[in-house]
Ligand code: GCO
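Quick heads-up: it's one chain on its own, the form predicted on its own, in structure tokens.
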């Protein structure tokens, strides 16, 4: 095993395209993309960046970047396009070709099994509200793991279940955009966790050498003053449900790693959980190797004069200029891994980290994304600092390899190390590509 996984990440719906060829059926994002007013600028995510046809050339960029790992997701509806569960061999063949390329370049695959693109045929029967979707997920995972065998030894079950629940069913910013009551939302939370648990069971049975994890996400509470009191206040707030009962890190991490729901959640919602939920937690909390986490930003905590916690406002230094939620707070990659390891005692892998800035191609046919370079430099420095202090951080995946379809925001936000001209589909390396390339080269042997 490599000493450290240096990689980048993508997701199927955001890059693949090929939405209606070779047997793929629609996902909830195909349908959502066509609903009026759902996506900024009326952008259509079904075409992605045409990766389905350009994958071979696209993956040469990974080799040039120098990463030893690549996180990507599979399109569930490309592999199993109908409710009867029949396997689409063309869908599996596409991902076989992806693995062929990665093997050629000696790049380790990390496969995300579910990155938000639920097959529409499952949404038609209730989506994650319906326990049959949990069964369908287990079947899909079994098909994938059995087919790939030893070609993939790292699986992530779900990506950001907090967003699946909160953005898909509370704020309605994401597919399927269907509002659910508290009772229904609790049911979806439980079914997603069960889907993870059953996936772990399947993977353990079919590939004993594989590692498993779940990629949660969180906004980290940062103590402004490095005192024990301030650090404890930040730790408590980070793990509380105060900032959102359905999108906090503990809601999907405590059941997985500790075998229990957060006490605050139980106090509010136990009446909506199934009678046998404690038995289900035995399935949900099977041992897994890594604590994956998608980290982007944080917020500042301080102690007021009365000794209570207060949240401080951001300053101009924290402003990034694209997303209202994404602020430049490099301490995120110091305190986030620190707090997670203290609570869950599992090695940490940063499964996503990156920033969207306003990128432009200049007259020299280059993209000089100075702010992204600063972001990566400072965040990764913070990560390596906490690693040096003893927290077992085993990997870092930059989001993202390419500019792509950024969900409800369409194609305007750009997270990529590689610029995409959406009219010509030309790929252009940004300055941050070369920065990350050099960073990997210098750190690979030393970390």
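Keep in mind that this is a model prediction, so the values were computed, not measured. Residue numbers count along the first chain shown, from 1.
The form predicted in complex with D-gluconic acid (GCO) is left out here; the points below concern that form.
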property	result
In the predicted bound form, the residue from 325, 314, 268, 179 that sits within 4.5 Å of D-gluconic acid (GCO) by heavy atoms	325
In the predicted bound form, the one of 115, 154, 191, 338 near D-gluconic acid (GCO) [non-hydrogen atom within 4.5 angstroms]	115
Answer range among 268-276, 288-296, 100-108, 193-201 for contact with D-gluconic acid (GCO), defined in the predicted bound form as heavy atoms within 4.5 Å	288-296
D-gluconic acid (GCO) contact at residue 159 in the predicted bound form, heavy atom, 4.5 Å	yes
Residue 352 within 4.5 Å of D-gluconic acid (GCO) in the predicted bound form, heavy atoms	yes
Partner proximity in the predicted bound form: residue 30 to D-gluconic acid (GCO), non-hydrogen atom cutoff 4.5 Å	no
Non-hydrogen atom contact residue 407 with D-gluconic acid (GCO) in the predicted bound form at 4.5 angstroms	yes
All of 8, 396 and 436 within 4.5 Å of D-gluconic acid (GCO) in the predicted bound form, heavy atom check	no
Members of 46-82 lying within 4.5 angstroms of D-gluconic acid (GCO), judged by heavy atom, in the predicted bound form	none
